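The chain below stands alone and is given in structure tokens; this is the form predicted on its own.
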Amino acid sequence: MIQHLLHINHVSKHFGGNVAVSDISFSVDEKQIFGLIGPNGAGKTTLFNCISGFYPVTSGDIIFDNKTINNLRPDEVCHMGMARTWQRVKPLGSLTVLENVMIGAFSITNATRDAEEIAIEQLRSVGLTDYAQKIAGSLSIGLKKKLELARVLATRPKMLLLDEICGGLNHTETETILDIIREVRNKGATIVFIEHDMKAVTAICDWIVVLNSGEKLAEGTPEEITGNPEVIAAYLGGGHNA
């Protein structure tokens, strides 16, 4: 039986008089790959920040794994089993690739040896084993994106929030990241990701929500979204690199 892992119930976020997110509702099922798309300024990253505890919501409820998480800190949300990446990848540049991933693992263990074993396992899963002892700051953007994935996977999350994980990558690098995401889902995790590459979104997502000017414009399967006249007018046909 399919279970909802995340409920967004009438969530709004205001910054003074600016309404960044307005009355958004949707649910994400366990083991689903869920896309969140929309033009720049649509409220996607703001909503991610609310879900992951970096912004308090102005109104509404965020329910993760049957618990309301509105007022939890980001570290508390992480301990519950939710991890996120960021648009701008910023590894701890003076540390090695392995050490960066170990920091993620320390969210679930206090033992250095265990953290190292978890980190090695996740480096293997994203294809970075050969880079373990490289300084993280020296990596290319494509490898830094893989490192970001490995670091959040080291927290052993039930749900990953991926914010433009394919941003800045070429076609081959994007395909590699999508393959990793599919494998992560196959191992039981749930994925929610913001992405501007519409080909990537339609290739991998089970369900998509479209935001526009802070409001939910549409939701449905990739086929329904790409054929939706409102979405085409507001987003796909609006000159944006979806």
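The first residue of the shown sequence is 1; numbering continues from there. Note that the coordinates shown come from a computational prediction; the quantities given were computed from them, not determined experimentally.
Beyond what is shown, the protein has a form predicted in complex with a small molecule; the following relates to that form.
Between the small molecule and the residues S140, Q87, T129, T112, the one pair within 4.5 Å by heavy atoms in the model of the complex involves Q87. The contact residue chosen from F26, F64, F34, Y55 relative to the small molecule in the model of the complex is Y55, the criterion being a non-hydrogen atom within 4.5 angstroms. Of the candidate stretches 34 to 42, 202 to 210, 64 to 72, 184 to 192, only 34 to 42 contains residues with a heavy atom within 4.5 Å of the small molecule in the model of the complex. Contact check for N9, K216 and T226: none of the three has a heavy atom within 4.5 Å of the small molecule in the model of the complex. Mapping the unseen interface onto this chain, E164 counts among the residues with a heavy atom inside 4.5 Å of the small molecule in the model of the complex. Using a 4.5 Å cutoff between non-hydrogen atoms, A234 does not count as a contact of the small molecule in the model of the complex.
At the 4.5 Å threshold, heavy atoms of T176 stay clear of the small molecule in the model of the complex, well away from it.
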